[in-house]
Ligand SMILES: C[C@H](O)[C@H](O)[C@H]1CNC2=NC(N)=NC(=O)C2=N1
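Form predicted alone, single chain, as structure tokens, below.
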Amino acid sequence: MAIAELTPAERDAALADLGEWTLAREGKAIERTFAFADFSEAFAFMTRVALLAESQDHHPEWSNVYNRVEIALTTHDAGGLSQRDASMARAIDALL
């Protein structure tokens, strides 16, 4: 079954519930930057996100520099944001 891209209204409603996540890539992704005390904390967070991503079969685009982790979520199969991205963002936030 195809994964549906969120409509602009659905996208705006999902983003309203996602606090620090921001719209990116002309509305096709959401992103957030996380800051930690040091590299070890950042890496531990990335490990928890990796396990979550595997369990949901939905993987982030991310980067790490020392204590900072930048995450972008988009659903390539949908051509933009889907409900999977909103769910993943909420689950990532719950890890904090």
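Since we're looking at a predicted model, the values are computed, not measured. Numbering starts at 1 and follows the sequence shown.
Another form, the form predicted together with the named molecule, is not on view; read the next lines as being about it.
Residue contact with the named molecule in the predicted bound form: residue 58 places a heavy atom within 4.5 Å of it. The named molecule is not shown here, but in the predicted bound form it comes within 4.5 Å of a heavy atom of residue 76.
Listed stretches are 50 to 58, 24 to 32, 63 to 71, 37 to 45; the contact stretch with the named molecule in the predicted bound form is 50 to 58, by a heavy atom cutoff of 4.5 Å. Contacts to the named molecule in the predicted bound form (heavy atom within 4.5 Å) from stretch 26 to 56: none.
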